[in-house]
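Quick heads-up: it's one chain on its own, the form predicted alone, in structure tokens.
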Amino acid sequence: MAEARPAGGRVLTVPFVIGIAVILIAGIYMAKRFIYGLGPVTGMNDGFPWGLWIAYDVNVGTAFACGGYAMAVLIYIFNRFEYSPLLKPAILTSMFGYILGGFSVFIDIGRYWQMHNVFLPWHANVHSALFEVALCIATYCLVLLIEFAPVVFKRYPIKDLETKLNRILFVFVALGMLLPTMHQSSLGSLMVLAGAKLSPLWWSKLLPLFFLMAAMLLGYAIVIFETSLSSLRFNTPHELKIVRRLSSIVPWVLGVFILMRIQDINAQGALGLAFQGDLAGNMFLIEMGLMLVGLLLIALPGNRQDPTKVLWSALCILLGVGLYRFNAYIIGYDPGNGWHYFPAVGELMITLGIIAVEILGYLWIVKRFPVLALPERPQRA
């Protein structure tokens, strides 16, 4: 039997100290960005008004954070409540991913002091896909905080508040499934607007659907990856059994995703672009190769009984599908007039700092709050 309880253990470990050092370096570059502006810290230009912070931290990072969304769809829409023990860790990951993705938008926009205008109805452009993305991500961050609140109340109980929250929690669960469906597809809609500037290897009228499928895939893959790692670190055999069942769903979704993408590119007569030997073609082959390796590793029932193969499959899917979304925003995008983009050191360090905050925050919370389903403690006679 398993129970949700804090994993315990020392917080200030060597990896934790290294993570803090990365965060401090990122803080120096962040201070430079807010003092001197975007130019001295980033490689962005008039051709590429977005860079690593949007392409990775928001576009890929929020998709990595879709574990809570993917598990909620599986549990509440398909009535697969046997996966419930995986929901709390998934919501925790989603909470960090989305809040830090929203923070990345804050440091990316030039007039960050005007960001509050998104929430003022008289400034809203309801026809803008970007407005929908900004509003949905901000609202979803609030929803995730509320969904995670019962875990906090287990450690710091407040009289009647947990009971009252549980009575209305279904409303936020429903919002938690609606909002990612909207903004994850809208992130694809943004690149539909790029038209001929985006390579046919990634441009498609189906981009909103492809981005939504990619978010679901990354959601399942990150749950499998994190749960497998947690099981190795914190000894959670109960969660590992559930992951084996969850991994049987992924090959179907991933197989359909790959077939639909190849057929879509072939229908545009652009499949030959993948074999031209240029950067875009090579990156396309790498993303497809990673997805196919992940699919082959997890498709065979015998492999799904091997935690190592399941872990490697999840990693390949994370890299392959994540690279698909990154390529669609950076590698496949050509604004013309010779514009090029490569992230500056400051962008890279700030992104590494954001990733470090997410990892350290996750580790601290699972050690102090009842998030993971751990084996029950033996009862004293």
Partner chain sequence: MSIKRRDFLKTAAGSSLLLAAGTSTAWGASAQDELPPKALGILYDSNLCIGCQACMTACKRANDMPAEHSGPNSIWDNPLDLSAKTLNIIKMYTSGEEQAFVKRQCMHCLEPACAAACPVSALRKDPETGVVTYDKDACIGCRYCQIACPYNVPKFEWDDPFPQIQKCQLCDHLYDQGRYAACCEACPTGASLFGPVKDLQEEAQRRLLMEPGRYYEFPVNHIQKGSAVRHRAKAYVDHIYGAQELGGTQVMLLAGTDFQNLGLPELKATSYVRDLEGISKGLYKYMLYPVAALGGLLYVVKKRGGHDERP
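Positions refer to the first chain, counted from 1. Owing to the predicted nature of the structure, the values given are computational and were not obtained by experimental measurement.
Another form, the form predicted together with its partner chain, is not on view; read the next lines as being about it.
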- Message: Given that its partner chain is not shown alongside this chain, does residue 131 nevertheless sit within 4.5 Å of it in the model of the complex, heavy atom to heavy atom?
- Response: yes
- Task: Answer yes if any heavy atom of residue 210 is within 4.5 Å of a heavy atom of its partner chain in the model of the complex; otherwise answer no.
- Result: no
- Task: Could you confirm whether residue 113 comes within 4.5 Å of its partner chain in the model of the complex, counting heavy atoms only?
- Result: yes
- With the cut-off set at 4.5 Å between non-hydrogen atoms, does residue 312 touch its partner chain in the model of the complex? no
- Message: Each of 36, 81 and 166 having a non-hydrogen atom within 4.5 Å of its partner chain in the model of the complex: is that the case here?
- Response: yes
- Query: Which one, 260, 152, 253, 109, lies within 4.5 Å of its partner chain in the model of the complex by heavy atoms?
  - Reply: 109
- Task: State the residue from 267, 77, 158, 279 whose non-hydrogen atoms include one within 4.5 Å of its partner chain in the model of the complex.
- Result: 77
- Just one of 138-146, 215-223, 94-102, 202-210 has heavy atoms within 4.5 Å of its partner chain in the model of the complex; which? 202-210
- Even though the chain is shown alone, can you say which residues of 148-174 have a heavy atom within 4.5 Å of its partner chain in the model of the complex? 166, 169, 170, 171, 173, 174
